[in-house]
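Each of two forms of one protein chain follows alone as structure tokens, named structure 1 and structure 2.
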Structure 1
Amino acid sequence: MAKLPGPLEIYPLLPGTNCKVCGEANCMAFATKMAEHTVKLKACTPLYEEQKYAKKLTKLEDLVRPPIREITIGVGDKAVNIGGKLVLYRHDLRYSNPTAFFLDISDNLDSDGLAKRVKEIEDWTYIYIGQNLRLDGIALRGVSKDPKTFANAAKKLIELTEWPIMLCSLDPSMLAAAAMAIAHKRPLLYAATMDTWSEVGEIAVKHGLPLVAHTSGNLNDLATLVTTLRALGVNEIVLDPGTASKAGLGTTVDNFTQLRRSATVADNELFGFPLLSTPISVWADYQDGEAPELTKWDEVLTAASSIVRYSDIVVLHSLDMWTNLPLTFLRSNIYTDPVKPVAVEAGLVEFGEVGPDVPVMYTTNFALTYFTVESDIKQAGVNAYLVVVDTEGMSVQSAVAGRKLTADKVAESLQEYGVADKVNHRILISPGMAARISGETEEATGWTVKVGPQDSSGIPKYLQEGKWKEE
């Protein structure tokens, strides 16, 4: 793992004025957060606004630059940041900037077809434990082979969407025409090759755009291509070492692994850029008569392999729920901070038309626990209050064992949310996994504690049968 700077290395390069503009108490506190990678350098606005700090800013940017450079595609709220990785293994720290999913659109579609495809891409979504799983960008493919058609399609695309765009063609004249049309939207250019690096590199430099460097599996060629592009003045580069499926998938995975290890472990600056994979390439082998489901499955398999082996962008074709849902699940799990559980906000949640006689339950603020309980209460179709206790994102069983869920915390939550003023009874339904603290909870709260089901799937029957009212 590359050596990451500590707070004592960062602090001398900060303004040292303790102005608190960054939101921290002083510059040392900000340096500590920087070393933990929980704040961004840009939060220290005086560094950027005052010329006297210019040299310090340059040194700081070099010091804290991650082994994998961060690159932005697009503009505004919909822009996507890729790269910015600090470590090879997630458990060494955390991963940032989740893998971006770009879905393709052909430039030879008519206006209605283009609009339909854009809407389908933007509308693809799924709610998963409070997260809105979605796609991220659009890859415009130059199927027409005509620069004017490609440029016109790019113009139509930015009228239809604010999402980031990748311009995909190996013909420099195609890229030049489209880049001229939509450069202000900061598209990603795909791609420069060993044959086209000069023309495509000049397009990227002219418009200040990020550029993909593409070779077909030869990492030595890729290193040469990156060196040449940087000498030309291209500093925002995305690496595409080629993506093969089926028999060649092992080689693809090996190449991606070598690139990321070289950058993060060996500190090879030539490969310190985001990685791009093209699972969409499996469709090139599609033949009439072959089941499309098999091709889609190949795409999913290739994409999943790319995601777990460090791909920062994947380019896909299929929009089916069954193909993209497991991929977005996989991405969500990989990019969850391993030391920071996914949590919801603590508080009092109302279900249905609450009144003084409805049951009162409690649970923890671990997202998976909360959303499972929420689903089961809704399934029961009853009116109820649910007290969500702040357990720092731990599940019920873990929180009880770790003393993050205690009788005193439950009592504090009941008081903080004024639950006693909302109901005319003093019966509290405890999660089954918290049965061991039920006696303590009764003493701390003055409420009668009824132990609910061990598994939240038993909540509907428990509430519908009114078992919580039984003596």
Structure 2
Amino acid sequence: MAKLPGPLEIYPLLPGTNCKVCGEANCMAFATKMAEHTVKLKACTPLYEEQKYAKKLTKLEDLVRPPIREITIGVGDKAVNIGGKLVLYRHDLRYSNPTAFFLDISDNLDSDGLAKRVKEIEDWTYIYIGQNLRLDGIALRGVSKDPKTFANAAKKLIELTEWPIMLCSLDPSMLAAAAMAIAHKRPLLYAATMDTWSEVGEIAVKHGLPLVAHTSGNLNDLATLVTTLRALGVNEIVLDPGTASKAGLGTTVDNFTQLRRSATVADNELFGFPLLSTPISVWADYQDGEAPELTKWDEVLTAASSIVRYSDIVVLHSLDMWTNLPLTFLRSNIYTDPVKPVAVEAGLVEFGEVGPDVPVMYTTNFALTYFTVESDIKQAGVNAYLVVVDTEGMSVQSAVAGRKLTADKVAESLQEYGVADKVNHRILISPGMAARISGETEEATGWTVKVGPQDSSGIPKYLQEGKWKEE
């Protein structure tokens, strides 16, 4: 595996003044965090501001550059960073910069059509573990095959949205026209090919824009194309070895894996760029009038494979909840830092106005379980106590099976948080998934245990019915 620099390599290149501007106690502490990739070099502002550090800065930037370069698409708050990856497997450290989802828009839509599609893309969202899942960018496709139409659509687009844009056409004259119109918004250009590398490469150099290198499945071609583009002076490259779905999916997954492995494990700097896949390609087989669900199904499978196998950016067409929910969830899962336990603090949580009559429930401290239960109780609008038992960050079902959630643990928690002094009853509502230990829990706690719903979405109804109070 490519060797990542350690603190002793980083430290001599820092100012060494221990000025604490970065927020760390001294330069060594900062170097240690740099090596752990938990701080960014930019936090050391003197390096950037003082001329005497210019040489050190250049050397440091080279030293800490990740095996996969980071490329920025767009400008301002909505700009998206792709790549910047350090490792092949997430368990080697962690993945940074979650796969960016770019949704397509055809350039031949009228103004209303463009505005409608932009809004739909921007508005797609779902709340998951206390955060809004969202899409990331817009891929403008040159369906019109007319440079003027394409450039006009690009201009309209930047009036409609601040989101990052990818300009997509295999015709260099199309890209030239649109790049001229919106270069200041730093769009990603798609794409230079074995046929168009010279013209498209020049457009990218002229405007200083990132550029996708696309070939049709052949990695020798891609090596040739990237070598040539770099010789032309294109420094920000995104690699697209081609996305074939269905029977071609094995080849696609294998190509992406070989590229990422070359850059991160075999230390081949030529391929140290972000990877792009195009699950939208499945729509080439779609015939007007057919039910679109099967094409969407294939798009999801192709995209899911791409998220797992190293794509830093994907181009999608489908905007449905049922297609993009599993994909955004998968992205969240794969990009979760494997070192940080996904746990919340154990303890006693109060909902609404608590008094001696309110129900007492318990759950685990797995973040996802906790946030789900929390949102369901809030939705019910009831007053309640929730005992959060320390299960080392495991869900109810896993914790029961793995003996991390036991009757004794529940009893200890009731004791520790003094719940008996807060209510005038001795009824504890257990998660449905912990039904197995309810008998033991009654023995260990001396409380009556009522088994609640299997899924916490049933909590509002369960509490409203008031059955928990019945003997």
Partner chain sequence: MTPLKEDKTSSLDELFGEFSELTLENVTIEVDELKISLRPMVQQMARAAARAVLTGPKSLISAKFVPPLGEYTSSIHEVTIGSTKAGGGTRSKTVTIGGHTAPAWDLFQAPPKHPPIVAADVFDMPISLAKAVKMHYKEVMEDPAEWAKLVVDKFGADVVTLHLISTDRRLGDTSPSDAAKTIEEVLQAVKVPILIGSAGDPEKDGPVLAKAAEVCEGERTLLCSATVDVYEPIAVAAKKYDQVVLSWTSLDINQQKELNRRLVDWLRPEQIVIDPTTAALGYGLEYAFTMMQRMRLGGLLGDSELQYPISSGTTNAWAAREAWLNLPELGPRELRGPIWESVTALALLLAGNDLFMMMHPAAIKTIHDLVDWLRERRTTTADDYPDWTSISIPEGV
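Only the largest set of C-alpha atoms that superpose within 1.5 Å between the two forms is called the rigid core. Please note that residue numbering is based on structure 1, beginning with 1 at the start of its sequence. The shown structure was predicted, so the numbers you read here are calculated from the model rather than taken from an experiment.
Subject >> Index of the chain form predicted together with its partner chain, chosen from the pair >> reply: It is the second structure that is the form predicted together with its partner chain.
Subject >> Post core alignment: Asp104 C-alpha displaced by 2 Å or more between structure 1 and structure 2 >> reply: Result for Asp104: no, shift under 2 Å.
Original post:
Taking the rigid core as reference, does Val39 move its C-alpha 2 Å or further between structure 1 and structure 2?
Top reply: Where the cores coincide, Val39 shows only a C-alpha shift between structure 1 and structure 2 that is less than 2 Å.
**OP:** Using a rigid core alignment, state whether the CA of Tyr11 is displaced by 2 Å or more between structure 1 and structure 2.
**Re:** No, Tyr11 moves less than 2 Å.
Original post:
Rigid-core fit: what Cα movement does Leu414 have between structure 1 and structure 2, in Å to one decimal?
Top reply: Displacement of the C-alpha, rigid core superposed: 13.5 Å.
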